[in-house]
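Only one chain is given next, in structure tokens, and it is the form predicted on its own.
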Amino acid sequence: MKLLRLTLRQVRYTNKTFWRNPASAFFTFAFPLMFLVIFTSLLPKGDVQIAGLFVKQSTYYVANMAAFSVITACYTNIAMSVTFQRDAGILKRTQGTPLPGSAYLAARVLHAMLMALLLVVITAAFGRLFYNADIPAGGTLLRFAVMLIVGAAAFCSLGLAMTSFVPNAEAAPAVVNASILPLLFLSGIFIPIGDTSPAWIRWVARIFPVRHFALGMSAGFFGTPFEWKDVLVVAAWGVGGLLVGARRFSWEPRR
């Protein structure tokens, strides 16, 4: 109980720190909406075929920008911010306080997941208001919530694991973005992929968790079949990230 209490208290402090940097907070919430408006405005209007169903392009991007917002909050932001704190000596100093390291990291993960949830709600509401997009409801809501929680936790785990591969804070933006940006394109987040896409793109997408997470999230918006194997693949990557992070995570700046 004491560890839980310390973790929840640290979540509150992490939240205060987040909102005290208004520029960072603003762009965290603005990026998914900005990309949603850009893609729906620039690309030709039409329908996208998903699992045999045709959905409006605007609805397609509402769902995928919701997935993108979770990845941004839970993977990109975690990997970069924790690396910055490591190189600034904040993580090392934290270990000299009564706060357990596990509580500190758990608080970072919980806060990222809460921000991801808020981003999904805002993106879905924006899509409903301006694009008349369907939003998860009824029987699909529970499965959507499962994928959202599992995906958010998995990408947080992968973000912490990625910090062990980033040599220093200056390299963090380049390394982290290089690890996720190609997958966002190859997994259909920014550009729809289908049976006509090159086989190697579909093969790569099936290996990594981004595509599976996007499909699970999209099922709640489109009404396409929900596959539990997508949840299992994302969860497996999360467990792998947890194991790598437990073995390689560093509290001190790397030399």
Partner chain sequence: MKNAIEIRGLRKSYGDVDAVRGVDLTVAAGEVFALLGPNGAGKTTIVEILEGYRKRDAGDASVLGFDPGTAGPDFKARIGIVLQSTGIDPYLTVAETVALYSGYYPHPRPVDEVVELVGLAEKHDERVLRLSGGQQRRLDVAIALAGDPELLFLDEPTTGFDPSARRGAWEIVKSLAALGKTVLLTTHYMDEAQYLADRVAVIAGGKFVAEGSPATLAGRDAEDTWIRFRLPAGAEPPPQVASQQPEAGGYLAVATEDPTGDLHALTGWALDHGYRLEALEVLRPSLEDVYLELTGAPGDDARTEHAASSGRQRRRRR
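Not measured: the values here are computed from a predicted model. Residue numbers count along the first chain shown, from 1.
One more form of this protein, predicted in complex with the partner chain, exists but is not displayed; see below.
Novice: G138 versus the partner chain, in the predicted complex: is there a non-hydrogen atom within 4.5 Å?
Specialist: No, G138 stays farther than 4.5 Å from the partner chain in the predicted complex.
Novice: Under a 4.5 Å heavy atom criterion, is L99 part of the interface with the partner chain in the predicted complex?
Specialist: Contact with the partner chain, yes.
Novice: Under a 4.5 Å heavy atom criterion, is N177 part of the interface with the partner chain in the predicted complex?
Specialist: Looking in the predicted complex, residue contacts with the partner chain do not include N177, since no heavy atom lies within 4.5 Å.
Novice: Quick check on R247: any heavy atom within 4.5 Å of the partner chain in the predicted complex?
Specialist: R247: no, not in contact with the partner chain in the predicted complex.
Novice: Please pick out the stretch from 121-129, 163-171, 148-156, 86-94 that is in contact with the partner chain in the predicted complex, where contact means heavy atoms within 4.5 Å.
Specialist: Of the options, only 86-94 has residues within 4.5 Å of the partner.
Novice: Run the contact test on F185, S187 and T196 with a 4.5 Å heavy atom cut-off to the partner chain in the predicted complex and return yes or no.
Specialist: Judged in the predicted complex, none of F185, S187 and T196 sits within 4.5 Å of the partner chain.
Novice: Looking at the partner chain in the predicted complex, which residues in 7-22 have at least one heavy atom within 4.5 Å of it?
Specialist: Stretch hits, in order: R9, Q10, Y13, K16, T17, R20, N21, P22.
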